[in-house]
Each structure stands twice: as C-alpha cells, then as structure tokens.
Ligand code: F6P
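Just the one chain here, laid out as structure tokens, in the form predicted on its own.
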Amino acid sequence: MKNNRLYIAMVGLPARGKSTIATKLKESLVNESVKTRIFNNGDLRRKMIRGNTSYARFFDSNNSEGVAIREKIALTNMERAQKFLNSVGDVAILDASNVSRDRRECIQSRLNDHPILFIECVNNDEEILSASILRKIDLAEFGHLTREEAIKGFRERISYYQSIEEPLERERNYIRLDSLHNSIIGEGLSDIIPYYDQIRDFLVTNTVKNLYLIRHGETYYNLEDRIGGDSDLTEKGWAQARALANYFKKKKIPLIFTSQKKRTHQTASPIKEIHEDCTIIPLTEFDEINSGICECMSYEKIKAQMPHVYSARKKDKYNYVYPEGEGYVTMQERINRGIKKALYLSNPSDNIMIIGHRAVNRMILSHFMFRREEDVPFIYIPQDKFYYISTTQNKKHFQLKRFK
C-alpha cells in the first residue's frame, strides 16, 4: 500500500460551501505537485441521467427510486476515486453531501485501502444560505422552473437532507469547519493523514484568486468634500464608471459586490450592462463608515463647528469613533464579515469585484496585507485606479492599476 495516498470525503448540507472548499483545496494541493482529482456526485448525476433530477422529491430518503439512483452514483464515484489513487493519484476528493452515518460507513468500508479524512462544512447563516441558493439555481437543471419554484424546490431538497443528517463525531479522522469564517469547530484524528498540516492550514486561510477592489466614481459630495450620505455620481463619476466597464469588457465578471449606497451601484451598472451573466450583490457590510453626528458635513465645517471632534480624530484616526457613529476600529468586524460573504458566494475560479468606499476599501486592503493600524486610514484609494489582489497560502500579490 502506498502510504502517501488519501481520500477526502466532503460532508454537509447543500449550499454550505463544500464544492468551493473542495475546488480550492484541490488547487492548493496541485500547486504543491500533489496529484488531486475531485469526484462530484452532482456533476456525475447530471451527466448520467438525462431526465430532470432537480425536483426535490428525488432527494427524499423515502423515494426508493431516487435512493437507488443516488446510491449508484455514489458507488460509481467511489470506484473511480479508488482507481485514481491506485494508479497515478495522490488525493481523491469525494464531493457530495454524505450527511448520513450510513453513507459514511459505506465509504469507509469500500475505501479501506488508504486513509480517509472527512471534512464537514457547517454554516447556518440564513442570509448567506439565501444568497447561496440563488447562485445554485442558476444551474441549467433549474432552467425550466420559475425563480420562486426553484428556490422552493431547493429548500425542500435541503429539508430532505436535514432529516437524515448526523454530524461528524464517530469517524476516525474528521474536521468540522465553519465554512463562512474559516474556523475549525471540531476535529478528531486517529490515523496518520498524508498532507494533513497543509490541508488544515488551507482550511483556516483566506485565499482569493483574482479580486478587483475598486472605489466608486466621483460624487457631488466629493466635490464639496462632504462625508457619508448617499450622493449620486457626477458626470465625471459616470465617465469613470464607463471607463471601468470598458477596461473589464474582456474579463468575465460574474459577481460585483457593492455597498447599499447609490454611488457604488451606479459605478457597477455599466459593467453589468456589458456582461450578460453578471450579478450585483449589495452588502451592508461594505457601507461607508457611519460618521454619526458629522454625517453629510464637510471637514471644514466639522473643524469650524465641532473643533473637539476634528482634533480628537486627527490625533488617532484609526481608533476614533464618531459620536453616534463608527470608527475604523469598530468597522473591522463587519468588513471582515463582508469579505467572507463575498468569498463564500464566489466560485474559486471567478474574478471577484468589490466596489466600495475609501474607508471601506482601506479596511479590505488591511485584511489581506499587513499595515499598522495607525497607517490604515491613510492608504491611498484613488477613483481612477483599482487594486488587484491575489493571495494563497504561499503567495500574496497586490498591484495598483489605472483603468483610464
């Protein structure tokens, strides 16, 4: 028996990030010359069965016909994974729900020639689940359904899996992962698992392949040096938005994450117009810093009318919190959550775009690159350039590019 071969079996309810984790994990291992292949039950189902299997009852454990088909698919992928490892492969990833203990015992009994590591993805955030479902129903198998029918059917599918779900705890080797926050919430290890340190480190590391971080175009408030508010773009701002769209016209941009503010939506809209399958997802986490009692005021007006506020903030810009508002220091939690949402909802191969605000983008940059806290409020965030970010376990790349 080759002692450096490994099966990884993904576990978790639908729309919990299993396939995203599996794909990114494969990329990480392949980059280290570890021959890795994914065996996805859903992909195999769509290839093997010409008929419609998107209807929820297909996944009902009391539907004997559906159970038999799904069992055949699972066994086929197990056989293919075993053949891969016993020929040229190092790691075989079984990407399926595998939420029942019976299914996991079947995997362990049939694949007993190499160690098995189960990785369970857990996420009960309803907002993220709803957004994930919207991404799932973009698949062709839901094309014959209305959006409402597809959502209802997918939630019924989840409920069928929930009825047989049993969390990992008895398996010899397992990791339970909060797939939104990249944190380990449980693990057990009884065997020597090849590549374990690399796998575990990957699971708790934020990785992003291609992230384009952009500030909204010029607004009327920018001209008046006023902060906050919900101002529209100026004519120059619209020109910047069109120039941005032209720059990215040959790059596939499936998702654009914005704040809830008009200026970020307006900056994103020309890009969406030229990309057929582009979706704008507004996140409150990317809203600009709330300046409280100073909202919509100019800095000169704050200095004249509230000199105590102006001077206190100038002394410690990062830690200062506007009365009835926020500061950089209090934004960190929501900004981090927004980044995790964006990465969770994106496919590993996607170009990801975030169109935010000056303070927000400073905080996003500081999430990926080292900056002393006192320097974060002074990171350069222009309106005619964007930051390109690519980070993995082994490499970090940041570049400021002009799009005009």
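Basically, rigid core = biggest C-alpha set you can superpose within 1.5 Å across the two forms. Numbers for residues come from their place in the sequence shown, where the first is 1. Keep in mind that this is a model prediction, so the values were computed, not measured.
We do not show the form predicted together with the ligand, though everything after this point is about it.
In the predicted bound form, the ligand lies within 4.5 Å of some heavy atom of A359. In the predicted bound form, E288 approaches the ligand with a heavy atom inside 4.5 Å. Residue contact with the ligand in the predicted bound form: S269 places no heavy atom within 4.5 Å of it.
Among heavy atoms of Y328, some come within 4.5 Å of the ligand in the predicted bound form.
With the partner omitted here, the residue from R176, R104, R226, H114 that has a non-hydrogen atom within 4.5 angstroms of the ligand in the predicted bound form is R226. None of K301, R135, K317, R334 but one reaches within 4.5 angstroms of the ligand in the predicted bound form through a heavy atom, and that residue is K317. Within 4.5 Å of the ligand in the predicted bound form, a heavy atom is found for every one of N222, R263 and R313.
In plain terms, the part of the chain that comes close to the ligand in the predicted bound form, with a heavy atom within 4.5 Å, is 227-235 out of 75-83, 200-208, 187-195, 227-235. Taking the ligand as positioned in the predicted bound form, the only residue of 201-221 that brings a heavy atom within 4.5 Å of it is R215.
With the core held fixed, D225 shows a CA shift of 2 Å or greater between this form and the one not shown.
Core-superposed comparison between this form and the one not shown: the CA of Y322 exceeds or equals a 2 Å shift.
In the core-superposed comparison between this form and the one not shown, D178 has its Cα shifted by less than 2 Å.
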